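There is one chain below, alone, in structure tokens, taken in the form predicted alone.
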Amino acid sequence: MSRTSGALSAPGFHLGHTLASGQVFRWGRDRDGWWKGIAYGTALHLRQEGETLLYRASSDRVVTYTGGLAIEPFLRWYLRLDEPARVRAPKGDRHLREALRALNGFRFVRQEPFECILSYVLSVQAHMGLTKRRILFLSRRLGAPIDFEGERCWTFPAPDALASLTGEDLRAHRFGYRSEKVVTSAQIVADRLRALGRPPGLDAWREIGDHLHATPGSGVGLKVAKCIDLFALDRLGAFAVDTWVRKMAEDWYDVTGPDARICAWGEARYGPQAGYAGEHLFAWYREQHATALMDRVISFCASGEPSPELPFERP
């Protein structure tokens, strides 16, 4: 691997709104102001200055499910720098109009599918900080180390590595009732990849995601499946529902009922870009009602505070 650095033009993009939104678990803003994370086996440092995105990377080439990409095309693809959200607020929908203005420049990143699947299986009934710590534990134990800029981080474990664990292994480290579901999901993915017999592309990952959602005990229920659709599978019409979205739908739109009903309402109302509409509404509602700074994306980005959890260790 060859370390590299540079700058990209990023008009209309907001790095903080994107990485602080809650969609990713292996990114954080360090005390030096750089956002630091790991994606597709590469350590990345990012910083925005106006419409310029500065980067440092542990490799000048990154392998994704689309094939190998040089670092700058990879960053443009991963962060969707050339793909602004194109959400139209329905007539009279002042909440969405306000949210779109407030979170201008937000993008869905293209997460590595297996990491996204396992991360969201882990996230159910666990707060963000705990999920980040569990992902770091698994990466440190089963991933490959990357030493970069005086820090050590780890790649996310391969499906076979996580599939080799047992629920008891994870329960011993206080992963709780999700332990068996993590192992089951990893085993299903590992089996499907072996049967495929070639590197999976986006269509194959979509089939795997759909299969997990249809398999009892996998841990991929409706909410997790919609998050995977949005954050890893380029299905931007998915409307993910969690506690905050349920509260938002009831308070602002008088929509109540089970998650499936709220999901169907959001997807019908906002169409092919329902995911963007939902994420903006989620973040804008949380901005006004959450008590913790980390749960208020706009306030956290403006504060300059470092993230409480970072995906690396210093010697």
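Please read all numbers here as calculations on a predicted model, not as lab measurements. In this text, the rigid core denotes the largest set of C-alpha atoms whose superposition between the two forms falls within 1.5 Å. When you see a residue number, it is the position in the sequence shown, counting from 1.
Another form exists, predicted together with the DNA; not displayed. Remarks below refer to it.
Chemist: Just one of 109-117, 138-146, 235-243, 152-160 has heavy atoms within 4.5 Å of the DNA in the predicted complex; which?
Modeler: Among the listed stretches, the partner-contacting one is 235-243.
Chemist: Going by a heavy atom distance of 4.5 Å, is Arg178 a contact of the DNA in the predicted complex?
Modeler: Arg178 belongs to the contact set for the DNA.
Chemist: Would Gly16 sit within 4.5 Å of the DNA in the predicted complex, counting heavy atoms only?
Modeler: No.
Chemist: My question is simply whether Leu130 lines the interface with the DNA in the predicted complex - judged by any non-hydrogen atom within 4.5 Å.
Modeler: Heavy-atom contact with the DNA at 4.5 Å: present for Leu130.
Chemist: Answer yes if any heavy atom of Leu196 is within 4.5 Å of a heavy atom of the DNA in the predicted complex; otherwise answer no.
Modeler: Leu196: no, not in contact with the DNA in the predicted complex.
Chemist: Give me the residue from Arg286, Arg56, Arg269, Arg61 that has a heavy atom within 4.5 Å of the DNA in the predicted complex.
Modeler: Contact check passes for Arg286.
Chemist: Just one of Ala89, Ala102, Leu81, Ala126 has a heavy atom within 4.5 angstroms of the DNA in the predicted complex, so which one?
Modeler: It is Ala126 that has a heavy atom within 4.5 Å of the partner.
Chemist: Which residues, if any, of 187-222 lie within 4.5 Å of the DNA in the predicted complex when only heavy atoms count?
Modeler: Going through 187-222 in order - heavy atoms within 4.5 Å of the DNA in the predicted complex - the hits are Thr215, Pro216, Gly217, Ser218, Gly219, Val220, Gly221, Leu222.
Chemist: Relative to the superposed rigid core, does the CA atom of Cys301 travel 2 Å or more between this form and the one not shown?
Modeler: Cys301: C-alpha displaced by less than 2 Å between this form and the one not shown.
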